[in-house]
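Have a look below at one chain only, the form predicted alone, in structure tokens format.
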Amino acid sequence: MTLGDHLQLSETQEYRLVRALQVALAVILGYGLVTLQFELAVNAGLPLAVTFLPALLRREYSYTMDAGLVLLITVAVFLHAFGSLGFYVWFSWYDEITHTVSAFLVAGIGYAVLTALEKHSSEIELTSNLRGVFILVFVLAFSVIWEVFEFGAVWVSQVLGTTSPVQVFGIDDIVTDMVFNVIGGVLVAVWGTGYFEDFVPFIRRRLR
């Protein structure tokens, strides 16, 4: 089951939705550049670049990613860029949604890597419970790296006298982010691994 399956979208409709979100990201990027809001341009430009990774993998490795996974990646990065318009400040719950969706994607990638390693090596074999623990540890480790990156970006921006593309709202916000990152990881461990099964054979081929 993929995001498109749950929304009862055909593959064509999923790709059309991806294109629509890419156009929206390009509009936000253009708005950021025209209004000289470079932090907004960065927050839209990088996510827009990420949405082209599936096309890059198809061109470089002849790997066609499942349309549902492409849609999930695009939705995750779009929510971040869209929030940069002000939704992170206006609505505290918006940050919780983006962290949950992003953590779902990160946890899924961790699951795909682990499964590929298991299939690649006979020396690696985990129980379903240990896989769940790995997914949670993986997403928590990535969360720590992300929070350190945010602190670093804010510090560098203060030193340079520029506006940071990311914001830090304090310890309470970090703890809340961690909680919803864990929720995203739990969703993958309990229910969402099927979203990423299509990605496993591709990673395994890269291990050879």
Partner chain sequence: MAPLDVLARNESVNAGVGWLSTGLVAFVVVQSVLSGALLWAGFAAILLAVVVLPPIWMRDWRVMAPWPLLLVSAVAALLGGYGLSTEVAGYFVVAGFALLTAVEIDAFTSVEMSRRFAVAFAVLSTLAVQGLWVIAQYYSDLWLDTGFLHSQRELQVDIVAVTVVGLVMGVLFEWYFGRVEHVGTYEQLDDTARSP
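A quick note: this is a predicted structure, and the numbers were derived from the prediction, not measured. Under this definition, the rigid core comprises the largest set of C-alpha atoms superposing within 1.5 Å between the forms. Residue numbers count along the first chain shown, from 1.
If you look for the form predicted in complex with its partner chain, you will not find it shown, but the lines that follow are about it.
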{"item": "Heavy atom of each of L53, S92 and I109 within 4.5 Å of its partner chain in the predicted complex", "value": "no"}
{"item": "Its partner chain contact at I171 in the predicted complex, heavy atom, 4.5 Å", "value": "yes"}
{"item": "Interface membership of V148, its partner chain in the predicted complex, 4.5 Å heavy atom rule", "value": "yes"}
{"item": "A26 within 4.5 Å of its partner chain in the predicted complex, heavy atoms", "value": "no"}
{"item": "Residue contact check: V34 to its partner chain in the predicted complex, 4.5 Å heavy atom", "value": "no"}
{"item": "Its partner chain in the predicted complex: contacting segment from 178-186, 63-71, 26-34, 44-52, heavy atom within 4.5 Å", "value": "178-186"}
{"item": "L36 C-alpha relocation of at least 2 Å between this form and the one not shown, rigid core basis", "value": "no"}
{"item": "Exceeds or equals 2 Å, Cα of T64 between this form and the one not shown, core fit", "value": "no"}
